[in-house]
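First, one chain by itself in structure tokens, the form predicted alone.
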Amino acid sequence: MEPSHPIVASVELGGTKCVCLLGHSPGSILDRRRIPTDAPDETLAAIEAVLDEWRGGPRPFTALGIAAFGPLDLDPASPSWGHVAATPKPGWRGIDIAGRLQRRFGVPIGFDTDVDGAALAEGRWGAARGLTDYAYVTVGTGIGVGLVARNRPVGGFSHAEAGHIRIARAPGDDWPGICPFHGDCVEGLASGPAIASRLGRPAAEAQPDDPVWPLVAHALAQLFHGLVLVAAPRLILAGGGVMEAQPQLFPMVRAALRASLAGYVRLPEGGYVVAPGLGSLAGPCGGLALALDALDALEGEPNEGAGRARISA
């Protein structure tokens, strides 16, 4: 690692685990720690212990990036900025994540959703490098979409929650879905817990020839259909535990997407729905990208990556 590279810390706070990184880029990781996502106080205290160790070590971090499951309050003017919003994860609604860590460490902080972070990491270092418009979709405990347009994550009064859109159901499929808010939204039909509920056993035990996969591919293709028609991303990256464990989904989703679009839109040549270039590091490196964006914004320098995080310095 070159001495001129800033050392930053990353916290990827997921629904089942938290990954903390110290470094500068995927190829320059000095330390990596994994923490189970349990009760908020227990989880955040474990994160703080790791960050305390790094902050007092020989290579202290100069910025912190937090990429967390949502929904989140990302409005810097909001009194609840940095808090978790109406999450279905028990005990986490209303928990202050970013403000708590900012007060403790006093460094520039980039805070965004885990999927926006992963999208930014793919733009800096991965399969979307050089693109200005693309989407990162994670299919795992939940389904989230990090949609980047003109180098920035899409957001308005809040961040995008495209995993919760309602879709045209597969013919003959009347299963109600499991989303506690929307029932048969995409997440309610095709997330890891939804797959497990359909199968009656853990999703990790699913076989490639289980009859659930055409239904999952249909739901994902409907999500991608909407992304194509609304935002026209130049590339869709599909990651997360389900996509990693079930690679047969890629050709199924591509075929279902082409059938759904029915020739109305001509997709870019070559692979369009592909795996993330960073693989399983896309999510953990999201926090590194957010931290570097925070430093870039503080210093007023052009961002070398795929967009800008929402910043608190």
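Start at 1 with the first residue shown and count on from there. Quantities reported herein were computed from a predicted structural model and do not represent experimental measurements.
There is also a form predicted in complex with a small molecule; it is not shown, and the following applies to it.
Asker: Which one, Ser197, Thr141, Gln222, Gln102, lies within 4.5 Å of the small molecule in the predicted bound form by heavy atoms?
Answerer: Here the answer is residue option Thr141.
Asker: Quick check on this chain: which one of Trp81, Trp92, Trp125, Trp213 has a heavy atom within 4.5 Å of the small molecule in the predicted bound form?
Answerer: Selected residue: Trp213.
Asker: Look up in the predicted bound form whether Val265 has a non-hydrogen atom within 4.5 angstroms of the small molecule, and give yes or no.
Answerer: Flag for Val265 set to no.
Asker: Wondering, does Ala204 line up within 4.5 Å of the small molecule in the predicted bound form on heavy atoms?
Answerer: Output for Ala204 is yes: heavy atoms within 4.5 Å of the small molecule.
Asker: Given that the partner is absent here, does Gln246 sit within 4.5 Å of the small molecule in the predicted bound form, heavy atoms only?
Answerer: Contact with the small molecule, yes.
Asker: Report yes if any heavy atom of Val242 sits within 4.5 Å of a heavy atom of the small molecule in the predicted bound form; otherwise report no.
Answerer: Yes - in the predicted bound form, heavy atoms of Val242 and the small molecule come within 4.5 Å of each other.
Asker: Only one of these stretches, 117-125, 169-177, 189-197, 146-154, has heavy atoms within 4.5 Å of the small molecule in the predicted bound form; which one is it?
Answerer: Selected stretch: 189-197.
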